[in-house]
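Consider the single chain below, provided in structure tokens and representing the form predicted alone.
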């Protein structure tokens, strides 16, 4: 069974770099990765907030929210 992972970002250079780094190292045989660009998919802001995301880029992995770096506060994307 694959672990569900969602990577939330806003398209900034910090976010894009983190996305590329994560995509390169995550084992797709074990992890089902969804990439959500909140700048383009603003309808997913509530999903991110409900998952505990406070800033992007962030990875929600198996229900645990990991803030990777600081590109933008989630509140700034609303």
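All values reported here derive from a predicted model rather than from experimental measurement. Positions refer to the first chain, counted from 1.
What follows is about the form predicted in complex with another copy of the chain, which we do not show.
- In the predicted complex, residue 51 stays away from another copy of the chain, with no heavy atom inside 4.5 Å.
- Under a 4.5 angstroms non-hydrogen atom cutoff, another copy of the chain in the predicted complex has residue 27 among its neighbouring residues.
- Proximity of residue 12 to another copy of the chain in the predicted complex falls outside the 4.5 Å heavy atom cutoff.
- In the predicted complex, residue 31 approaches another copy of the chain with a heavy atom inside 4.5 Å.
- Residues are counted as partner-facing when one of their heavy atoms sits within 4.5 Å of another copy of the chain in the predicted complex; in 53-69 these are 59, 61, 64, 65, 66, 67, 68, 69, in sequence order.
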